[in-house]
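Just the one chain here, laid out as C-alpha cells, in the form predicted on its own.
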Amino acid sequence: MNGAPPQDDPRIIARRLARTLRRRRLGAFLLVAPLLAFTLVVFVTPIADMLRRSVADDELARAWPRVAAALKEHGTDESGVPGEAVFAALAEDLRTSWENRTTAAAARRLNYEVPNGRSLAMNTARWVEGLDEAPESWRAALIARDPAWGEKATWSAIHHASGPISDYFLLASIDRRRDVDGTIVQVPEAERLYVQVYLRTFGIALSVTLLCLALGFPAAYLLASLPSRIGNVMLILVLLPFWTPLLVRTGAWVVVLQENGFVNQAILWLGLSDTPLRLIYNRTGVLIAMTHVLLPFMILPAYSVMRSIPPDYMRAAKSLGAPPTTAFLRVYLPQALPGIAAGALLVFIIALGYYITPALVGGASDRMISSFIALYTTGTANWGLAAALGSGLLVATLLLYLVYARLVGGVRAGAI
C-alpha cells in the first residue's frame, strides 16, 4: 500500500467535477468573449457616451475658466449681477479666448440661452482685446460697452453653463428651461418644437406598427398554415426586400407614388379619381414606404411562433364544440401572442429611429426626431442637444420593453 488516496474518494471526485465545470465555463466564456467585446465597443460604449454628452456642459467653462470659477466663488448681488472680481475675470477670459480663438465656443453656448449671445461675446472679446490699457472698473466698462452684461439673464445663463454638468440639454429636448431664478419653466410657445416632434415620431411609428400588424398577421398565419414546401418558397418572397438596399427601395417608392407613377395611373384608369392624388412628400408616402420596409420584421417573429403551435390544439377545441372563431381567439391567438408582440415591438422601435425614408418621401411636416438628431450632429455640431434627443428615444425604448415584458412575460425562447 503506497498511501495514495483511493480514486473513488468522494472528495477527489468532487474536485475533479469542479475542475471540469470550471473548464467548461471558461470555454463557454472564451466562445462568447469576441461577441461581448464587440457589443461593448460598438453598442454599450456609444450609448454611455451619448448619455454623458446629454448632461456634459463644459464648453463655456473650458473657454472662460476664470469667470466660471469666480462666479461660483463670489456669486452675484441682489440684482443678479456679479461684482468687480467676476467682471475682471471675464475680461481676462475674453482677451485670452480671443487670442486662442476659443471665443466662438463660449459664444455658441451663451447663444443657446441668451438672445444675440454670440454677438455679445464676440463683439466684447474683440473690443477687450483691442484696449491699450485696463479700465478702472471692468464692471462699469463692460456694462457701458453692452448693457446686456448688466442683466440678470446673462449671468444666470453663464452660471448655468459653467459646468461641468447641467440639465440644460435634457430640458431643452422637452421644451423646458430654467428661468433666471433657476425654476424649470416651458420655453415660449414660438420656440416649442421637440415635444411636438416626439409626438409626431411616436404617431408615425404607431401607425406603421398597426399597418404592419394588419398586413403581417394574415401573411404570417398563411405561411405557418401552408405545407413546408410551399411555405418556404413564400418565405423567400418575404425575405426578398432584405436583398435590396434600403435607399433603392425608398427611391423606388418615389417613382411609383409620384403623380405620373404606377399607382396614380392605376387610380385614374380605374376611375377612382379624376386627378392624380398626392401620394409622395407627405404623411401618406411616409406610411406606405415605411410599412413596406418594416413589414418583414413583423412577419418573421410572428411566423416563427405560429409555426411552433401544434394544429392539434385547434382541432381539439373544435372537436369539443368550440366555434372556429372561439377556438382561434381562445386557443390559437394566446399562443401566437409572444410572436405578435415581439414583431410589433421590433417594428415600433425600428420605426422610432427611422431617418432615410421620411427624409426622402416625407414633407417638411413629417420630419421625425432622428432628422433633428442628424441635423444637430452633422449640421450645427450641437452634440449636447443631439445626445439629449437620443436619450429620449432610448428611455422610450426601455419603457416599451418594460411594458412588453409586463404584458407578455418577457421574450420567450423561440419568439423571435
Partner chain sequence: MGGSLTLSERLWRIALWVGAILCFAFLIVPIAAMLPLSVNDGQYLTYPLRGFTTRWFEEFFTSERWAMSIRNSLVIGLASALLATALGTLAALGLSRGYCPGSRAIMAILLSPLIVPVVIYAVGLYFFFAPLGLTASYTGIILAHAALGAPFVVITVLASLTGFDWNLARAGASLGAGPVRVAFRVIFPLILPGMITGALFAFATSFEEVVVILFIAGPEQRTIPREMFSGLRENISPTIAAAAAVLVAVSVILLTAVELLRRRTERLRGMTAR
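Numbering follows the first chain given and starts at 1. Note that the structure is predicted; figures quoted are calculated from it, not measured.
Here the subject shifts to the form predicted in complex with its partner chain, a form of this protein not shown in this document.
Each of Pro241, Val255 and Pro296 comes within 4.5 Å of its partner chain in the predicted complex, counting any heavy atom. None of the heavy atoms of Gly83 is located within 4.5 Å of its partner chain in the predicted complex.
Proximity of Ile12 to its partner chain in the predicted complex: non-hydrogen atoms within 4.5 Å are absent; the residue sits far from the partner.
Contact annotation for Leu320: none of its heavy atoms lies within 4.5 Å of its partner chain in the predicted complex. Contact annotation for Val42: at least one heavy atom lies within 4.5 Å of its partner chain in the predicted complex. Proximity to its partner chain in the predicted complex, taken as a non-hydrogen atom within 4.5 angstroms, holds for one residue of Val180, Leu206, Leu247, Ala134, which is Leu247. For the options Leu277, Ala140, Val195, Leu222, the one in contact with its partner chain in the predicted complex, meaning a heavy atom within 4.5 Å, is Leu222. Only one segment in the set 337 to 345, 229 to 237, 99 to 107, 170 to 178 has any non-hydrogen atom within 4.5 angstroms of its partner chain in the predicted complex, and it is 229 to 237.
Residues are counted as partner-facing when one of their heavy atoms sits within 4.5 Å of its partner chain in the predicted complex; in 44 to 59 these are Val44, Thr45, Pro46, Ile47, Asp49, Met50, Arg53, in sequence order. Relative to this form, in the predicted complex the C-alpha atoms of Val32 and Leu300 separate from one another by 3 angstroms or more.
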